[in-house]
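A single chain, nothing else alongside it, follows as structure tokens in the form predicted alone.
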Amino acid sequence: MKKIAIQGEVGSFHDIAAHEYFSGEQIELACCSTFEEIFNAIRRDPTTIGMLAIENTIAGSLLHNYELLRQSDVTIIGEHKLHIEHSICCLPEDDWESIKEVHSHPVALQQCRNFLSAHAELKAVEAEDTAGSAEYIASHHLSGWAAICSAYAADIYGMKVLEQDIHDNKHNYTRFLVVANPLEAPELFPANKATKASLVFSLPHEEGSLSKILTILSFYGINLTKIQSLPIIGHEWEYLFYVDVTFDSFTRYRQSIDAITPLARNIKILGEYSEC
């Protein structure tokens, strides 16, 4: 049985992503209130695997998680893309006429802005988790409160779904990364089977420094699928570049890394895995 550390409660989208990624396997969830706790769980128990959101098609990148990845000793061993479908739920005895406020994670509230605007009588309240909001309302029997979460979470906590698919954009997907202790990673995913990699590096503040890197990657047939820059605190106008690349040849990919290493500073491979 694999132990998977997730952010949020049972029924959260992290829970759904973990069960989909490890479909057919027995898993035990370790629910964490913050993303930092996921990395701490892996440090305490090297056999623990982490599942964390990294970007959403509507809300964008979770920049803090990029930094947590860079500063940690874990490696990415996989990714999973999950279709996010929000529902509004309440206690079984409540209905539209009785609910006064709706609780959920800030990102979930943001993704349902049109719905909330159409129900201006409902007070939107930020919480730590989507499923956690449903669990809290159910366990404390809070009449008049509703939660925005998955229909899966509503079912787990015995809540009534008032309306499904209330998110603004139906093409709402979150990309999750699967991370593990580097010593455990080879058993979970052999790196030489990788078709995708995530890197981070900084560059000298010189004209054309980034274009040289991109030219080399192109020469080796490496496809750049994402680039995210974050400022380096204390170094004006200098940035860390988080890059995702895909490739057909693992050998050519490794050759490209050797070629760009002399031009980059503090280059780190965050993980080599299969593109989903």
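From 1 onward, residues are counted along the sequence shown. Just so we're clear, the structure is a prediction, and the values are computed from it rather than from any experiment.
One more form of this protein exists, namely the form predicted together with a further copy of the same chain; it is left out here, but the text below deals with it.
Across the options 175 to 183, 86 to 94, 105 to 113, 68 to 76, residues that bring heavy atoms within 4.5 Å of a further copy of the same chain in the predicted complex belong to 105 to 113. Proximity to a further copy of the same chain in the predicted complex, taken as a non-hydrogen atom within 4.5 angstroms, holds for one residue of Ala191, Leu162, Leu142, Ala124, which is Ala124.
A residue is said to contact a partner when one of its heavy atoms sits within 4.5 Å of a partner heavy atom; Cys31 fails this definition for a further copy of the same chain in the predicted complex, lying far away. a further copy of the same chain in the predicted complex comes within 4.5 Å of no heavy atom belonging to Lys100. Proximity of Arg44 to a further copy of the same chain in the predicted complex: non-hydrogen atoms within 4.5 Å are absent; the residue sits far from the partner. In the predicted complex, a further copy of the same chain sits within 4.5 Å of a heavy atom of Gln228. Relative to a further copy of the same chain in the predicted complex, residues Ala259, Pro262 and Asn266 are all farther than 4.5 Å at every heavy atom.
Of all the residues from 45 to 77, those having a non-hydrogen atom no more than 4.5 Å from a further copy of the same chain in the predicted complex are Thr57, Ile58, Ala59, Gly60, Leu63.
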